[in-house]
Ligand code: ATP
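Presented below, as structure tokens, is a lone chain in the form predicted alone.
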């Protein structure tokens, strides 16, 4: 199996190296076949060397790999796209058609729930449409400025995109507690969110054993804080999913623990939810748990697609090891109130794989 590692910017190289160590150890423990890691530069390193943050060669390597481990990038600090400042994450999502962004959030052992009630939910976020300007137009951007005093943004919602993200949510719910909550703002965005809801309802009718409900986005933001435990699988459009998943991750402990998988029909990319934190890059301070957990999701996804129980076992071993380490306060990284650096935390996770 060939995995491509794109370390990225800031702490990306630090947590990518940690993730490779853990994945290698877990796959050996699970009896998986050989995994070959290859590496390619993106972000500022690529910009300096090639004049762009994301080359066509890196895209081709991503397309040809069995899976990609993507480190965080500092895209807010890149130059304009016409000067080479492409967002590697957005490029991969759009060009590989990674339409599903799967973001779990749960209370890990040893953590006191911030709102008092343990929960375990997954946000299934549409990943290729919505308001995000780099994913709405075939040519150009989804934002325009007709005059210096007027800015406009276009929102893209398609029937195909809505049906397939709904299908992903209901299939996932069958593996969990069989409940799907669709989040929308159709009372105001009557046409775009109206189409989204129409599609989710259509898919819901095909899954009679899955409970289905709908919530307005503003109410949902409040309900997560009140009691997130009543939710199982949340399906929504791109921007709403981005916001809700960050909220849920903070409620569950920290964005430093927030894993995510970008998945399409043919490709999967593991990506931490958090940013590149350049102020602590190279200082052995970064928490690698989010990217390690994301890589576990990638292994599970590959295992299911290939009917390979060893890959699924490797993913389960990583998740269990993270739980064991994080449950002990003194074994956590500093952002979680512990004392360990990136390397020491990684060593603890690898040690816990054998427990």
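Numbering follows the first chain given and starts at 1. Predicted, not measured: the structure shown is a model, and the values here were computed from it.
This protein has a second form, the form predicted together with the ligand, left out of what is shown; the following refers to that one.
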Original post:
Given that the ligand is left out here, which of 264, 282, 275, 84 has a heavy atom within 4.5 Å of it in the predicted complex?
Top reply: 275
**OP:** Using heavy atoms only and a 4.5 Å cut-off, determine which of 168, 192, 204, 74 is in contact with the ligand in the predicted complex.
**Re:** 74
Original post:
Is residue 256 close enough to touch the ligand in the predicted complex, meaning at least one heavy atom pair within 4.5 Å?
Top reply: yes
Original post:
Just to confirm, residue 335 within 4.5 Å of the ligand in the predicted complex by heavy atoms?
Top reply: yes
Original post:
Do residue 314 and the ligand share at least one heavy atom pair within 4.5 Å in the predicted complex?
Top reply: no
Original post:
According to a 4.5 angstroms non-hydrogen atom cut-off, is residue 290 in contact with the ligand in the predicted complex?
Top reply: yes
Original post:
If we take heavy atoms and a 4.5 Å cut-off, which stretch out of 217-225, 267-275, 139-147, 120-128 is in contact with the ligand in the predicted complex?
Top reply: 267-275
